[in-house]
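Shown below, as structure tokens, is a lone chain in the form predicted on its own; questions about how it binds or moves come after it.
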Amino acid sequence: MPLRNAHPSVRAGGAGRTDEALPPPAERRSPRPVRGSRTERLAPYVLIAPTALIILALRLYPLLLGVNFSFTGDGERNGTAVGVDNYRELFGDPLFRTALGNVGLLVLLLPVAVAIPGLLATFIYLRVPGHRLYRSVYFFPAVLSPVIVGAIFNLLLAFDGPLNAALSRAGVSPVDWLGDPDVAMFAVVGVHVWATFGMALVVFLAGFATLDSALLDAARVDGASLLRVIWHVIIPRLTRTIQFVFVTTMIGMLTSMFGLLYVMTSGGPEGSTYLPEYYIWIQQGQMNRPALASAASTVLFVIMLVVGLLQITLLQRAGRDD
């Protein structure tokens, strides 16, 4: 019986195969993608143009001016090119070297500052009893002014304050939290973490909203412990959120501790709590050395850039390994 709907070549060849009559898939013409109009192609650039111009005018241009100003002199040499003299003076200043050492301490403590809100967000996401109350309580310190936080902890951490009184009742000798050079920086960093981790907690909770709950249910069915769930399920799925929190927390620790330092220690004792931002303020506001302050600002920017890129690279590798 003849094939009515067969290809002409099939009908002509009798019992020939249809795949020989049709061209191979590679030779078939695929439909060309429909290109949008010129207006549609330009629309994304038009939308980001105002933000790009604002960043260029208010961020990048002043940054370049500051870098250029750091190669000029102060005082009698104001406005004259001095090369790298400001940078030589910076790295020869014991206070600035102490500030750089404290930056290294902050980098080492950064995982702890990120892990605390991450763990608390995990507990809240798993709906521990009272999780709604904890969410509000943990975020509350983030709305307080650093001056208020510093004043509160000055009272709590005073040598004759309530914390040392509680330690004395427990048989522990009192600690000079803000007067001991070996302890003061840890105390200030601890207060800063307590005052700011609420914002990171909110970011982690937003990341948990994108997590597939079926993965957690499967892990529970398999009998995985909480630590295994965190390490093998939560962390790999929240890699980008962790990257964001790492970078923003680092920026906050390097650029947002001035209020606490000013109220709690004023850079003391013996300059042990100096950070680059406090050093910049001293040189600019008290010593009237804006060029040297610009050099310190440039060094701080480079440190933040390098540390941020290293953190993102390490976290991306960890995410690929998992």
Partner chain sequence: MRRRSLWSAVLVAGLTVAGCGSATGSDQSSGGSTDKLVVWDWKSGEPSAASYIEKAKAGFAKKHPHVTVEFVAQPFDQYYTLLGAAIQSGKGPDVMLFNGGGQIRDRVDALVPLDEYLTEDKQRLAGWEAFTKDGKTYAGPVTLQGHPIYYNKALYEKAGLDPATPATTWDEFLADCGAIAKAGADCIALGNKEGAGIQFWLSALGSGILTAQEYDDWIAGKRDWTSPHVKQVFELWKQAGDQGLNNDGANSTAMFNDSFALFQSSKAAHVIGLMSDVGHWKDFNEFVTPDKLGVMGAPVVTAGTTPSLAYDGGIGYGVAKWTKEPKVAADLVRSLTSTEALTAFYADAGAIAADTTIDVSQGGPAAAAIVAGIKTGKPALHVALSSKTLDLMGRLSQQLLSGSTTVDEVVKQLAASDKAA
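Note that this is a predicted model, so its numbers are computed, not measured. Positions refer to the first chain, counted from 1.
Separately, the form predicted in complex with its partner chain exists; it is not shown, and the next lines address it.
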Candidate stretches 245 to 253, 124 to 132, 222 to 230, 171 to 179, one within 4.5 Å of its partner chain in the predicted complex by heavy atom: 171 to 179
Partner proximity in the predicted complex: T39 to its partner chain, non-hydrogen atom cutoff 4.5 Å: no
F139, heavy atom within 4.5 angstroms of its partner chain in the predicted complex: no
Contact label in the predicted complex: G259 to its partner chain, heavy atom within 4.5 Å: no
Exercise: E89 in contact with its partner chain in the predicted complex, heavy atom 4.5 Å: yes
Selected contact from I152, V82, M199, L95, since only one has a non-hydrogen atom within 4.5 angstroms of its partner chain in the predicted complex: L95
Residues within 4.5 Å of its partner chain in the predicted complex, restricted to 244 to 264 and counted by heavy atom: Y262, V263, M264
